[in-house]
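Quick setup: one chain, the form predicted on its own, written in structure tokens, and binding and motion questions come after.
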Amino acid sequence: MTLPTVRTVADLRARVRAWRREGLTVGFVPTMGALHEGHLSLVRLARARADRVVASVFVNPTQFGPGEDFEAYPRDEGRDAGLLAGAGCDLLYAPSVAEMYPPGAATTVTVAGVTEPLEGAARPGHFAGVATVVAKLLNQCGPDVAVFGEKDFQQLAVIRRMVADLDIPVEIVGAPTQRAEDGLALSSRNAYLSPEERRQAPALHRVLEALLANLRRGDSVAAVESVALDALARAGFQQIDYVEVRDPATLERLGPGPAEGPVRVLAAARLGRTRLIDNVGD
């Protein structure tokens, strides 16, 4: 099956309008391509929540910082389209950079507060790029529901905040992180791992699960964060940007004593040239 593909805002809106005239609901899954089972699980969830599903493939230059992997980021639209079709997607939206950011474009969407710690501190400007492109994609498609993975937990929180603040009429749904059998969170960037690094990488999830268990046993936030940092260093992670216990709704820092109520534990660390992120919570 060949997946129908549109590349302009006008063509995307025309397809969505036609579905609306039939009384159909629309789900949306934005991606940067290099698709894996994690992305396909989002498509299947959107399929369960809506009559028609649009997925976008767009490697967004504005969310990459200096020295990051924009040029090297894997791209294979044909492969992605085949996977999307098999997962139940009805339409691929694959705009060019010029279509998304035409000459003279001068507007950036910024979200305060929830963007500032964690990834925001490690990657300045990243979330302004994310918020801007997601706001544009939601306005271009006008879906009833949009699905995002919980692996990028802070990104999900940013998008929920933006949608609420800007009164964008869409339901944002978070989908559980998909993992390999050894616990490694699925990510397009896992392809950068060498065989030895791939063997080391599942330690990130194991350390976070142990941290959460110790926290629930009554250990203090400060103690479990310190133990986790040491454990990741021993597991071979060369640069650990953060391992922190946060409030799952606001992403405010918790601690230093025992935690009460729900928590989300988030981490980012490097193996070689690959930066991995993960999170667990209750």
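All residue numbers are counted from 1 along the displayed sequence. Note that this is a predicted model, so its numbers are computed, not measured.
Another form exists, predicted in complex with pantoate (PAF); not displayed. Remarks below refer to it.
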query: Proximity to pantoate (PAF) in the predicted complex (heavy atom, within 4.5 Å), stretch among 213-221, 250-258, 237-245, 24-32; finding: 24-32
query: Touches pantoate (PAF) in the predicted complex: V133 (any heavy atom, 4.5 Å); finding: yes
query: Close approach of Y93 to pantoate (PAF) in the predicted complex, 4.5 Å, heavy atom; finding: no
query: is_contact(F148, pantoate (PAF)) in the predicted complex, heavy atom dist at most 4.5 Å; finding: yes
query: is_contact(Q155, pantoate (PAF)) in the predicted complex, heavy atom dist at most 4.5 Å; finding: yes
